[in-house]
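We begin with a single chain expressed as structure tokens, specifically the form predicted on its own.
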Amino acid sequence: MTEAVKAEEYTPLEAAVVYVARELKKYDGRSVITGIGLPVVASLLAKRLYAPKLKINIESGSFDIQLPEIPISLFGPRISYKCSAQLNNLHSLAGTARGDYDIGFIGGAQVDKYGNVNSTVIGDYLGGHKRLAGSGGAVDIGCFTNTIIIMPHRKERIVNFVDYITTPGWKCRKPFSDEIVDRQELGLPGGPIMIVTNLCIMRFDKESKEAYVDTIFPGVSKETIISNTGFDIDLSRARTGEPIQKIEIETLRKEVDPLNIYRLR
């Protein structure tokens, strides 16, 4: 028996994690590649509630993880606990091109309406800019797999076009050119399937390849989404998401991340 909880009883980040976990239900028995952070939290919640046979693989080389608690480091030894295999970062990321994974997770500093992700610089790469951490596995994951992008919903982060393309989306600049080309012209398989924020879920139009709002989280207004988005976002297809359930929040707080490692609440 399900029991819904009110919007004020959970945080926006908890809602994002829950909706991603629900999305992963369709991937039960299949493989996901992820890094540390919200993606691994969502994957573990999905494995607890919706996809018990989901194979969670960490980009640093831990395969089919069975984590007893949320790790705080991508290369921490506890991440290897009871995993099926512990190899290396190169082997793990090479699997994206081999087709080893059915879906991947990426995040970054910016994402634009075509699903391009920037985790490299804010500003002009050849001029004044703020240098960021860089790609990690985001290029491999984003170039070769179907990806879910997780990003805080703020105007400076959900932008019309990213300052720098770390990971290509559906339409991106051709190398060494300002020409905008389709992903397929670059010979890339896969592509972004959704952007999950603390306000909503965005998907991509099949024709224009531009992001539109598919699901608005309970308690969030359209005006809030518009004011926090850096381009004219299409809300004509938006619907309110199914209510968050008590079991989802309890499992997240008591079993998946009881120490609140990632400050979800």
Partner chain sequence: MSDKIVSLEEAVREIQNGDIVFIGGVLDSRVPMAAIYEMIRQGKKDLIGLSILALEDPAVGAGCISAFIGCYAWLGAFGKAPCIARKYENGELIIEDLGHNDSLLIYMSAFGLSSVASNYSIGSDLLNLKYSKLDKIREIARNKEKIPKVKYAKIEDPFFGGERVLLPTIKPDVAVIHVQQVGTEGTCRIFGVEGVDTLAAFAADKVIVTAEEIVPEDYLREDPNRNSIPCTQVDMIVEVPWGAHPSVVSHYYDLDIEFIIDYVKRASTQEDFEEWLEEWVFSVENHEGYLNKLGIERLESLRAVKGYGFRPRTWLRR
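Treat the numbers as computed from the prediction; the structure is a model and nothing was measured. Numbering follows the first chain given and starts at 1.
One more form of this protein exists, namely the form predicted together with the partner chain; it is left out here, but the text below deals with it.
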query	finding
The unique member of C172, V159, M194, I122 whose heavy atoms fall within 4.5 Å of the partner chain in the predicted bound form	C172
In the predicted bound form, I261 touching the partner chain (heavy atom, 4.5 Å)	yes
Exercise: S177 in contact with the partner chain in the predicted bound form, heavy atom 4.5 Å	yes
is_contact(D140, the partner chain) in the predicted bound form, heavy atom dist at most 4.5 Å	yes
P152, heavy atom within 4.5 angstroms of the partner chain in the predicted bound form	no
Output flag, F75, N89 and L126 jointly within 4.5 Å of the partner chain in the predicted bound form, heavy atom basis	yes
Residues of stretch 11-25 in contact with the partner chain in the predicted bound form (4.5 Å, non-hydrogen atom)	none
